[in-house]
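In structure tokens, the next block holds one chain alone, the form predicted alone.
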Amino acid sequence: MPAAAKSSDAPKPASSKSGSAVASLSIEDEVRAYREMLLIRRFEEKAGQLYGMGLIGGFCHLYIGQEAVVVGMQMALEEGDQIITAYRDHGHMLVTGMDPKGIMAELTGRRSGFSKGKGGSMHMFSIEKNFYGGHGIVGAQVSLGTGIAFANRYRENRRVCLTYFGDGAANQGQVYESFNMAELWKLPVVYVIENNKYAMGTAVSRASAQTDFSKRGASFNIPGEQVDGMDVRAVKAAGDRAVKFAREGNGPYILEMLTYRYRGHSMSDPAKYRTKDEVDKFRNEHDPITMIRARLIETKRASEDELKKIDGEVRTIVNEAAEFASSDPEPDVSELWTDVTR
């Protein structure tokens, strides 16, 4: 097994603010990335509004600030590759092509939701889109994603499973059991650690002895690298390397995405454990959507008017999803007894 990979090992046509190598995106891909990140941002903002209005109950974890991670990684996949993640999952669903109306309907507990209104924010699935959740138990999806990768190897279908989890889940025992099995059996899985600096309300520096999560697979000989998770180009470049490595039968790969969430852990979290200046600094200096928008205009790949049009289209999609989710009927009482194993 080769030594742990570093982003500096690959040729760099350019680099992000953190020094991560970045991919050279075509005009079409960069505009699409902008659109998809903007869709996630506007969708999450609307979800926050609906939660405040009492239309969304239970827990609701927003992805605002982390959009570049899932958009960049999705660009590295092929048709048939799978995704599994934790409970901050709305953005992951949207990039797979799941209908925003069905996602919002699930958030509001309605009949047309992807889990028939019974799963809510944290438990949505779409076998058609190869999206396997949405899991409320911290770290549970890591062993499940490893199992999906095992099925891929057994079937020899050359599929890769992206298994997302956070910096807090990185300290869970089942994560290391999964690492061991994945490397032992050379499973086609890419572990994407979304390090947004806080596990719920606890800073990484207070909860983790080793804060470089890309090294967490070192004792299992799993290569890993840290990536600027606020730059979609850096994410795409790292995703290409990791997915290729796993698809070619070399085993698992770890990508630590250095990112940041602007909102609290969930909608019920006032986030008093960090200062407003800290959040504003990330918004002003590292916002993934602001950066790609400025780059598109600076390089003349898109005009102000073109980007405003995209914003308008995205807002229409989100507003229609919210309207649909607000008027869709609730599940029939009989649904309590369906999809249940007894």
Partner chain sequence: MAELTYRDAVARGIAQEMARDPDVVFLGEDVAKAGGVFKATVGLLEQFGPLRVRDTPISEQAILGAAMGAAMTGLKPIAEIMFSDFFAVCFDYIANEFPKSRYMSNGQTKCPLVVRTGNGAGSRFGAQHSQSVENWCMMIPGLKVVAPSNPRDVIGLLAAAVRDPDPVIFLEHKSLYATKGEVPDGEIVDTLGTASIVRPGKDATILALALMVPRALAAAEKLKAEHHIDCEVIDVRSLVPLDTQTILGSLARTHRLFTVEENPRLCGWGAEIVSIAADEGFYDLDGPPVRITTPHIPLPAADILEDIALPTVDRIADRVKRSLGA
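Please read all numbers here as calculations on a predicted model, not as lab measurements. Positions refer to the first chain, counted from 1.
FYI, the form predicted together with the partner chain isn't displayed, but the following is about it.
Peer 1: Hey, with the partner chain in the predicted complex, do A151, E335 and D339 all fall inside the 4.5 Å heavy atom range?
Peer 2: All of them do, each having a heavy atom within 4.5 Å of the partner.
Peer 1: Can you check whether S178 is within 4.5 Å of the partner chain in the predicted complex, heavy atom basis?
Peer 2: Looking in the predicted complex, residue contacts with the partner chain include S178, since a heavy atom lies within 4.5 Å.
Peer 1: Quick one: does K215 come within 4.5 Å of the partner chain in the predicted complex, counting heavy atoms only?
Peer 2: No - in the predicted complex, heavy atoms of K215 and the partner chain never come within 4.5 Å of each other.
Peer 1: Can you tell me if A209 lies within 4.5 angstroms of the partner chain in the predicted complex, counting non-hydrogen atoms only?
Peer 2: Heavy-atom contact with the partner chain at 4.5 Å: absent for A209.
Peer 1: Might M75 be said to contact the partner chain in the predicted complex, defining contact as any heavy atom within 4.5 Å?
Peer 2: Output for M75 is no: heavy atoms all beyond 4.5 Å of the partner chain.
Peer 1: Have a look at A242, I84, M230, M93 for me and say which one sits with a heavy atom within 4.5 Å of the partner chain in the predicted complex.
Peer 2: Contact check passes for I84.
Peer 1: Which one of R263, H135, R247, K101 is close to the partner chain in the predicted complex, taking close to mean a heavy atom within 4.5 Å?
Peer 2: Exactly one listed residue reaches within 4.5 Å, namely H135.
Peer 1: Given a 4.5 Å cut-off on heavy atoms, tell me which of 191 to 199, 230 to 238, 248 to 256, 154 to 162 is the interface stretch with the partner chain in the predicted complex.
Peer 2: Heavy atoms within 4.5 Å of the partner chain in the predicted complex occur in 154 to 162.
Peer 1: Between 81 to 116 and the partner chain in the predicted complex, list the residues on our side with a heavy atom within 4.5 Å.
Peer 2: Going through 81 to 116 in order - heavy atoms within 4.5 Å of the partner chain in the predicted complex - the hits are I84, F114, S115, K116.
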